[in-house]
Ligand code: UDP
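This document opens with one chain alone, in structure tokens, the form predicted alone.
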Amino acid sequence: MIQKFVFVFGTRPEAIKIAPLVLAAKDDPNLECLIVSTGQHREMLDQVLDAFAIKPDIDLDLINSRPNLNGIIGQSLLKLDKFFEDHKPDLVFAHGDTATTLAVSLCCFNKKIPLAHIEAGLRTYDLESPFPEEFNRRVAGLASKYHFCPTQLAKENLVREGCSENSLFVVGNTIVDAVRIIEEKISKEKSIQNKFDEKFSFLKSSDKVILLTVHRRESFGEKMKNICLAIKEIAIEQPNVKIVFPVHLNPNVRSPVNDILKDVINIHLLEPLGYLDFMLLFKRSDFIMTDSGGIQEEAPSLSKPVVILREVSERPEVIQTGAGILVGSSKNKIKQVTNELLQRGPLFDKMSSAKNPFGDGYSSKKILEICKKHLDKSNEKRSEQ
């Protein structure tokens, strides 16, 4: 019996992490795979889909109609409701903690459609940090039939919240699958590396390189200003270090970044990068500074130390294994840790050799096998009744 699986995403991080699942599902002759994009991130989302050669079956195209988060959620609910009514999926997949994820969770719950939550169980237990992601993922946890946890710790969070252990599966994180797939693509297609070398010719082989990203809502305002001031001082004090910063499109990021950093000669402010270029830049960097959740997971996959520009992380495994270190938005702390890593001493060695806590790069295969098995059992029970 052919099972109909629907995959819904709307942002760049969701697309990266759900892409390996989509590719695996499309290779399975027993699955009908439908891909829905809400278009929550337009340009940055399309860059990821191009890297994985994925084309949505339907694009809800919310970019022109959404005034704010509530606009995204409201428009998504209405359009998803119609799509699900028309196509009647056996199972819907959503990832993580975005506004798209919240809308999918509410819609599936109200229509009694089974939902599989990818990257389930991450928690800070602080609704303000990250905002609004902590709320979104808790709602997804309430609505989901299947919870695919990246680590044992994430599973334990859901057990404490009362989820049935029969619905919880520790499978690793699909972002490791994504990194593996992209590394294989880069290895096979030499032209990708050649184009990167030409595009990033300002990076010399002898340069120390820091990759920087900042985009989270809780980083806006004074925290963003402090981070930028710290980066500016590091760049001025370390003229032989090159800091490469793909700048998020949100004006709450762009405005302070341009005001504080645009005239510093060894800080390179770039437009958002395609995923292939971003991965090659990741591999070229000595270490990463970020407030991104996904990058915290990519870093140990590529043996790169990650300096976390947040006060708390819902990925404590990164810190516990020694792959990452929390610095918040304290200028002094950011500078202290950065300068120590630039020396390539014991801290750098410890962080770059940390064990990857997020799996073996084959989470997608495990997730699909579990889903097919459980749906087959459910269909058998219905047939017997």
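This is a predicted model, so every value here is computed, not measured. Throughout, we count residues from 1 along the sequence that is shown.
Below, we turn to the form predicted in complex with ligand UDP, even though it does not appear here.
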- Item | Stretch from 289-297, 196-204, 223-231, 181-189 whose residues place a heavy atom within 4.5 Å of ligand UDP in the predicted bound form | 289-297
- Heavy atom within 4.5 Å of ligand UDP in the predicted bound form - residue from Lys242, Lys304, Arg216, Lys155: Arg216
- Of the options Leu309, Ala120, Ala103, Ile175, which one has a non-hydrogen atom that comes within 4.5 Å of ligand UDP in the predicted bound form? Ile175
- Hey, in the predicted bound form, is Phe84 touching ligand UDP, heavy atoms inside 4.5 Å? no
- Any non-hydrogen atom of Ile267 within 4.5 angstroms of ligand UDP in the predicted bound form: no
- Message: I'd like to know whether Gly361 contacts ligand UDP in the predicted bound form, with contact meaning heavy atoms within 4.5 angstroms.
- Response: no
- 4.5 Å heavy atom contact, Leu115 to ligand UDP in the predicted bound form: no
- Query: Going by heavy atoms, what in 1-40 lies within 4.5 angstroms of ligand UDP in the predicted bound form?
  - Reply: Arg12, Pro13, Ile16
